[in-house]
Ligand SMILES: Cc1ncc(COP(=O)(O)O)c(C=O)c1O
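In structure tokens, one chain follows: the form predicted alone.
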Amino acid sequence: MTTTDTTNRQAGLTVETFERRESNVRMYCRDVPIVFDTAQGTVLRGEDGREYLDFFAGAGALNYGHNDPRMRDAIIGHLRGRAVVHGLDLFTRVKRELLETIEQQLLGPRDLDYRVQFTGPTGADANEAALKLARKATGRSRVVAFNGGYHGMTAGAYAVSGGRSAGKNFGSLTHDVTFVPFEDGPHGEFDSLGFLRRLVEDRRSGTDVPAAVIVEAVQIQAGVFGASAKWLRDLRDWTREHGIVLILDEVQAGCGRTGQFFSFERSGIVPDIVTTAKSISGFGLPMALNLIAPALDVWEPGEHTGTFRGNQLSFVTARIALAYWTDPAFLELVSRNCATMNDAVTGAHGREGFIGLPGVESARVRGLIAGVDFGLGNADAAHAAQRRALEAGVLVERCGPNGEVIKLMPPINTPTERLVEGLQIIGAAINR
């Protein structure tokens, strides 16, 4: 019996309940038919006791790995102390402590001045709030978004997401949204800023000055395409020139994924609104918040609410996660891991990289996010390589227009030797 047959047989014995009762909307488990039981750091363990290196990291929600001991112990201590757990937007001690940590350890060292809005607990909630605020502040309705972008599955966030094949039957949600090709993507480079200038500055184009531009510094779901620092600076200059709100979606590419806390930091820009979620809580707990330029904080009390915007356990763990960014040992590990990932993916320093391996069109890397691209139309080849990696003990996800890109997204604090181990396994799976 082959490894694949054994895996499928075991899955068939353990997933029947899910197949019988869970909605067809389930997704990740279709590529990974394993029932997981425990997890620690960068390792997941199945019900059968087998361990897997996690190069998926909760789709970016587990940048600090599973069950960080300091965060776990803080949660337990909070619960034992009978402290507030659900707080809406009431004042609480732990919220004050988190705001002070954001002020002192995140904003201050980067010379940033933002108001903090706690939105509903997902990235889509954060982006919904940002779009509403930009429209309110400017009095305009149109939004510019980019082909390949992904901002969430609620109506407003989905309307500005460029890869909408999953909702092709949901009707038109794109009223007042103008899509522009990203700087780079599956179909090559494009002068998107030149196009925007022509579109907005030509009064005969039929396109009004937009309220906002929403953009990711790295389009991960599109296949890991990173914007250049110059392009982001030019976009910032253009939006400022026209009084357009620049929304930087840091939901998946932020919280250290690209090596710095924010993926836009390398460009030196200051967005008007920064949306965060996923790993902002540090522990994988639901939490999202927006950083808003003070002049744009024109909300009326209660104008945007959410029952679970005051998740106190997330506030507790978020403080610990943010504190890591002042820890020299943590920063050195992240820097070393970024260099290791870059060398492995680009083949630098004579190492065997992914570029040029059979069937691989290209590979792209930005910090600790990489995409191994099998080329448009080659999703089956990428899926087969993903399955081989899983059989060899590494969990990876796919992205790209139709799943042609294997996404490598390990926890950023993965021990470097485990990172190398995982990369070697993935390389062998791709090259088989």
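Don't overthink the numbering: it's just position in the shown sequence, from 1. This structure is a prediction, so every number in the text was calculated from the model and none was measured.
Same protein, other form: the form predicted in complex with the ligand, not shown, and the subject of what follows.
- Proximity to the ligand in the predicted bound form, defined as a heavy atom within 4.5 Å, singles out one entry of Thr239, Gln252, Thr258, Asn290, which is Gln252.
- Scanning Phe118, Tyr150, Phe264, Tyr324 against the ligand in the predicted bound form with a 4.5 Å heavy atom cut-off leaves one residue, Tyr150.
- Only one of 239 to 247, 134 to 142, 151 to 159, 99 to 107 lies within 4.5 Å of the ligand in the predicted bound form by heavy atoms, and it is 151 to 159.
- With a 4.5 Å cutoff on heavy atoms, Gln312 does not count as touching the ligand in the predicted bound form; it lies far away.
- Remark: Ala344 does not count among the residues lining the ligand in the predicted bound form, judged by a heavy atom distance of 4.5 Å or less.
- Not displayed here, the ligand is approached by Asn127 to within 4.5 Å at the level of heavy atoms in the predicted bound form.
- Residue contact with the ligand in the predicted bound form: Thr92 places no heavy atom within 4.5 Å of it.
- Within 4.5 angstroms of the ligand in the predicted bound form, the stretch 77 to 106 places no non-hydrogen atom at all.
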